[in-house]
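Provided below as structure tokens are two forms of one protein chain, presented individually as structure 1 and structure 2.
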Structure 1
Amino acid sequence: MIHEVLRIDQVGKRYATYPSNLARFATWFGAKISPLSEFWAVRDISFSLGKGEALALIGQNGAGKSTLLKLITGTVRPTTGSIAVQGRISAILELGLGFNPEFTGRQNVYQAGGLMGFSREQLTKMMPEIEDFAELGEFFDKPLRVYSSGMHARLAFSLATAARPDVLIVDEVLSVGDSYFQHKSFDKIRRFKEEGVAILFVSHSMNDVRALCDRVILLDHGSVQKDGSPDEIVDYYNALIAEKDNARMLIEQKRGESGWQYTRSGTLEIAARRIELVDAETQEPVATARVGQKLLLRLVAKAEANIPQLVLGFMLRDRTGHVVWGTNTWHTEQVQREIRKNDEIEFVLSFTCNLGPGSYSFSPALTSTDTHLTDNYEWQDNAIVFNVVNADRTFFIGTSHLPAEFSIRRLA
């Protein structure tokens, strides 16, 4: 049984507008005064988090993510519900939160670290590790007002993770850092997770969510819209974004026998009638491909309405959801125009299977431009799932087979 370290039970936060400050003050002492208006930033939120579990909160701006994190960290008090925490929370919420721009990085570690509950002696002991991990060089002893946003992120993350917490909360702050520090930070987050730290993660990077998290909660207008596995919720969220501009759009989900999550969305003004992966020579369907095998990915689309222009895109992902490859006919300059109702168009993508052993999926998208946010006619996540085996190539690891050879000679 997973040891629970955080429980959120029916939590809500209301912001009310009263006729005067005196009326608001009176409500603090139990006076029954109706507000002129009220806004619920979050409402009826419930979930729990166990040791070593990573949970992502996703949603568009204004969904209630930041408010919920402030409630959990105690920065804001809930209007309804309760929050129970077992252990110490360490949070990276906003750049510069608790920092003084006139203080140096070292001085800010003492100030902000003190607000986190550490003694000066503890911070002095942790200081070399904080300084080493931040890699700020001489800037560690310069005022924060000369720091870039990436340097702010380095200092904030290094302080928040100097001592292992029971719950680590990370809210988008790493997105402003350079790629080297992002990789370094995610490695530390993964290590914390392996050591039993519970992770609460907020990010707009769905690749990071897929790679790090065991579970995802989708928030919309302050409420939980969906709660489930990363592949299910992330695919649903991507479809939901397109739906905002396509009122007639369909969204359907199911999990196949192979375990892959299938998500289909779109207006279906034009849709795939058939999609298949076949051997390039025999034309036989392929469920398990060999490294180096020549394949054809064939899709036939039929129009149910007149379409001004059509773009087909394919995205190839591995079992973890990582995007291995993708392109579309917008970028290859093969846009199809003036398609009439009942027209059928066949697209054939020929390629050599230079993939590593494992399980993969193709996701096709029929759109009008290079993005499904303009016109999402049909998007199918994991429409074709297939395996790859290494039958006759030299052993290698990874998701890509490189036709590489060693050349060796002994030097005198």
Structure 2
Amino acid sequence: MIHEVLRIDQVGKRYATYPSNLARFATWFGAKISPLSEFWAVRDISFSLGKGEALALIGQNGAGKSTLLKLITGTVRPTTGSIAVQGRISAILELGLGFNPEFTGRQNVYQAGGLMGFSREQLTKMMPEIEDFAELGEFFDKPLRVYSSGMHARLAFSLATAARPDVLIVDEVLSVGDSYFQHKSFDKIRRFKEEGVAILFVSHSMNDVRALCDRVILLDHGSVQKDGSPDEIVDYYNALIAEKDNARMLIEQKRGESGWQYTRSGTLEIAARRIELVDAETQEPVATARVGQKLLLRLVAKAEANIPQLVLGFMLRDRTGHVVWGTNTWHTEQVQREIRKNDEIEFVLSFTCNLGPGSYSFSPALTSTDTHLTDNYEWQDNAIVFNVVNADRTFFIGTSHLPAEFSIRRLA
């Protein structure tokens, strides 16, 4: 086991309602009064986090993510269980807390930095780096009330990450600021991770989760529902979101031999019977494609019920789970209507494999509109997995093959 920095052991948090405030006050002094009602925001949660490990907490609103973070940060005390931390926690639960609008950026660093437990000397030492990272220019010495919200976020993030903590807690704050600063802060978090900082990350952006985290915990109604690798949990979570609107739902998951996580969910009112990737000319199945090869992706679906409207979407992902490409027949204006039970429909997507060398997957989705949240008939993550090799093209890197060429002239 790598060096452990955070251990959460059977942690639970109960919010109790007492018959009266007097009764509550009495409980502080040992009176045994049972509360009128109680609510467990999180219950029985255990996990540990090692040095340099990045863990994402995902789950729908009210799943207990924020409560758990507050418990770990120490602002809320657990009712049961224990939380052990080795070293310093820095939490970015909300940017700009403890800031005073009348103070300048510099004064606020002293003020809010003090709140984080730094001494004045430490802050003075950190100041050049904070000023540098925030890139606020002359605004650094102007009162905060004249800041834009993006500038506010810059200052707050710079301060929160000025000193390297042992555990960094980030709660959905990277979505503020312009994209330049978002990238910059994301990079900083990634660098921390490489330096051995354990990261606890809460986000609704599944792309960020995939990009940053090694492990994901899915919370539901205050307890751990699933704990595993990002591709597995994120796909499961996406299927789960769809489940909310579709009571008759099936979710099945298995891991393929090449390590790709397969997830299938939906009502199965219509489902794919066959999916294959073939060469456009020979019609032979393709497991390894050449860069530039002409391919056909063929899907045959059979209806098990009458369906008023049908859309097929394909999503192409690379090995890290990033979406390389994707579209559906809603966008191409090829929506199929009035499908009867037992009808079979063949969809063929023809394309040129202008992809970089590596492993890729196709995820097909059968839905009724352009999102799978309304009617999810069948959604399969990573149904088709294939490799791309560069057989006859000039060497290049990346996930896309751009037909590009140099022209060079010697000018003197």
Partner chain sequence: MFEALWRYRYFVLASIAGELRGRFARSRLGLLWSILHPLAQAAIFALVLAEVLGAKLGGVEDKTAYPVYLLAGMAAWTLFSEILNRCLSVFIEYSGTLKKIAFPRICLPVIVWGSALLNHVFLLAAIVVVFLFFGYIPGAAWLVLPLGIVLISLFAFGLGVMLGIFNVFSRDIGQILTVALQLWFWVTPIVYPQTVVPEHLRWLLHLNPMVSLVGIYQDALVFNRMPDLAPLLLPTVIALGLFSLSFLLFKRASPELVDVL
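Treat the numbers as computed from the prediction; the structure is a model and nothing was measured. Here the rigid core means the biggest group of C-alpha atoms that line up within 1.5 Å when the two forms are laid on top of each other. Please note that residue numbering is based on structure 1, beginning with 1 at the start of its sequence.
Novice: Quick one, which of these two is the form predicted in complex with its partner chain?
Specialist: The chain shown as structure 2 is the form predicted in complex with its partner chain.
Novice: So that I can tell if Arg164 moves, could you say whether its C-alpha shifts by at least 2 Å between structure 1 and structure 2 after the core superposition?
Specialist: It does not, since the Arg164 C-alpha is displaced less than 2 Å between structure 1 and structure 2 after the core fit.
Novice: Cα of Val146 displaced 2 Å or more between structure 1 and structure 2, core superposed?
Specialist: The answer is yes, as the C-alpha of Val146 shifts between structure 1 and structure 2 by 2 Å or more after core alignment.
Novice: Please say whether, between structure 1 and structure 2, the C-alpha of Gly137 moves by 2 Å or more once the core is aligned.
Specialist: Moves: yes, 2 Å or greater.
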